[in-house]
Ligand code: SAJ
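Presented below, as structure tokens, is a lone chain in the form predicted on its own.
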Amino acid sequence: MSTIKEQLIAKFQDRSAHVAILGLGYVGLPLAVVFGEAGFHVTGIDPIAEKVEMLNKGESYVLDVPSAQVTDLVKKGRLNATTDFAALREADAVSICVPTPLRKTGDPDLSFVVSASNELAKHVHAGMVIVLESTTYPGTTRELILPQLEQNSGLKCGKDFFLAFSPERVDPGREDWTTINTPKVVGGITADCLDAAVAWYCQALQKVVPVSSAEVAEMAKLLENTFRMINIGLVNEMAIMCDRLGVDVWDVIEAAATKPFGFMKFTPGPGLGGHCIPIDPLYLSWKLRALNYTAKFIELASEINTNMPRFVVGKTQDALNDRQKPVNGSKILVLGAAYKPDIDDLRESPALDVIGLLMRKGANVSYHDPYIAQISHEGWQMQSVSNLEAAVRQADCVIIVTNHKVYDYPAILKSAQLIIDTRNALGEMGRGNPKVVRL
């Protein structure tokens, strides 16, 4: 007689397994589509009714997922969405893709994970594999998720059901590395848990990388993003130092990047944004504080990156002063609000801090972003200007915060009175131009 694990793996291999995705955002929806395209019946579960309604109509709200792809899967009966967690009763495989933000205090907010786990615990059954994809601190899967599932179900992990962690590696806006071809790290609570999770993911993803434990998988994701956070912090501090020294930091970076070994190119900017790099390393720092250890690199890099919007505002203030204009009362246009180019994601965007700081100094601030029509943040609201050309012409200063490709930078340079270029978006056009201040 075959074991529960063997029966489950057989379901994955013949595509008869029912897949459920908890959380239908930037991570969950692309994953649901990938499994749907691989031939599985996928049910997406999300508490936001508007998302569920859109998906069931075949409409996508994530830029990386075309609506035509969703429509095709819905018509074929491979994808449906619901707000009802009772759908988990029919699921053989469940991926948890819910947000893991930070609280204002800098502590991890695991309320979404806890809520999803509580709902899942009501419906967990024998022959189910569960994978947490939400980024968190090492130990979450084993210390938080596992007890909830076992205590509420009376089932045994590794025997009756299977639990693993596999960090999401989504980079919104990328076309070269996407959900389907980005290597997928997987770590199980037990060896059988790992086998079940790998067997599932292998059916849809091009490369799955098994590791020795859930904790290794959790820590790997934090290492990836801590590496980026620290190196961005380093190059941001280099920009500050070069500013003091009167040296062009962009020339320095390009010169250093000619070395074919021992150097990896990072570029400075107005601050960190997004759902991973500004947040994930602080999960690790928080965990280590509980163990009486200070993650010095993480804390220092976070301090430097967090202060970059103030550095940009200071550069803006100095540039206006050189033109005998105060920040107070000046018309300042922020170009780009998303945290990175060519996406509609506003989470943790440095543009929010730049706008807020300028408003507190009395500036008349407006913004333009082709992907973000309006902003509501910490008590203020703003809509993207409708006439970009007129807004550039009328502004006392234009700050390029997000270098969207759709912008006509030569036209912007021609019309603007003053530009603070925090991304080197103008390139050679901005070099030596008296209207341009480069970061």
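Here the structure is a predicted model, which is why all the values come from computation and not from measurement. Start at 1 and count along the sequence shown; that's the residue number.
What comes next is about the form predicted together with the ligand, which does not appear here.
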- Message: Just to confirm, with a 4.5 Å cut-off on non-hydrogen atoms, which of 171, 150, 243, 192 contacts the ligand in the predicted complex?
- Response: 171
- Contact with the ligand in the predicted complex, heavy atom within 4.5 Å, among 186, 277, 97, 352 goes to 277
- For the chain seen here without its partner, which of 223-231, 198-206, 119-127, 80-88 has a heavy atom within 4.5 Å of the ligand in the predicted complex? 223-231
- Query: Using heavy atoms and a 4.5 Å limit, would one call residue 339 a contact residue for the ligand in the predicted complex?
  - Reply: yes
- Query: Using heavy atoms and a 4.5 Å limit, would one call residue 267 a contact residue for the ligand in the predicted complex?
  - Reply: yes
- Evaluate residue 272 for contact with the ligand in the predicted complex, applying a 4.5 angstroms cut-off between non-hydrogen atoms, and reply yes or no. yes
- Interface residues of 396-425 toward the ligand, as seen in the predicted complex [heavy atoms, 4.5 Å]: 423
